[in-house]
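Before any questions on how it binds or moves, here is one chain, the form predicted on its own, in structure tokens.
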């Protein structure tokens, strides 16, 4: 069979129609899904996927090695370490509250030496309104820069610092111990498409070999530029949605605009990418 797709937005992404991940999938159909993922700037939606955790992990693993989320042990499922729990109240006793996960523009695992290739986020239970996720096309963001700005950022490395809003001092101290700052190139060449994309985010605190005062105006400009509405897509979740995105050419942001008395529970697998970046000191 040939898969059918429908565009999600002008900026990026397609919905893959009439595919059931609970049923066996041939290599040919999977190959078409992977090609659609690359061809449509790294964003796929599959609706109505009433699958088990095991099936979620198995489908994700077809894209590559999965992260076991050792950097955030209180956020992963205690039995299925490949699953990151994203919920506004603990899904399993002993896990942290994941209400504030992802509430800044970022690419998954950017503050690590093996940033994510892809992420597959499945909606288990979502609020009646709000709690959307926003995506932006970092190919388009790079292409939209002036030639002068492309030259300026070509050799810069942004220092990514893993963090989260509204966390305790204890969480932050443990986080910094497990996750030291990592410098990543601001412009990355996609290893499969060969296209250049900006690699920036709100976790970038400075550029390597520059002070924070020197870096901040450029960082702020690049984030404002990359998140222009014409580059983006806003996803309104339904139960049993799966959204997959390519962290090598997109950024995303989770919105906290929903009734906190309603449950928002999603689960994410993370496909590891190629090694990139290096551990560094955070400049003053």
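Remember, it's a predicted structure, so these values are computed and weren't measured experimentally. Residue numbers count along the first chain shown, from 1.
This protein has a second form, the form predicted in complex with a small molecule, left out of what is shown; the following refers to that one.
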Going by heavy atom distances of 4.5 angstroms or less, which of 145, 101, 124, 74 would be at the interface with the small molecule in the model of the complex?
101
To verify the annotation, which of these, 182, 141, 156, 86, has a non-hydrogen atom within 4.5 Å of the small molecule in the model of the complex?
86
26 to 34, 248 to 256, 212 to 220, 51 to 59: which one contacts the small molecule in the model of the complex at 4.5 Å, heavy atom to heavy atom?
248 to 256
Would residue 82 count as touching the small molecule in the model of the complex under a 4.5 Å heavy atom rule?
no
Considering non-hydrogen atoms and a 4.5 Å limit, does the small molecule approach residue 133 in the model of the complex?
yes
At the 4.5 Å heavy atom threshold, is residue 106 in contact with the small molecule in the model of the complex?
yes
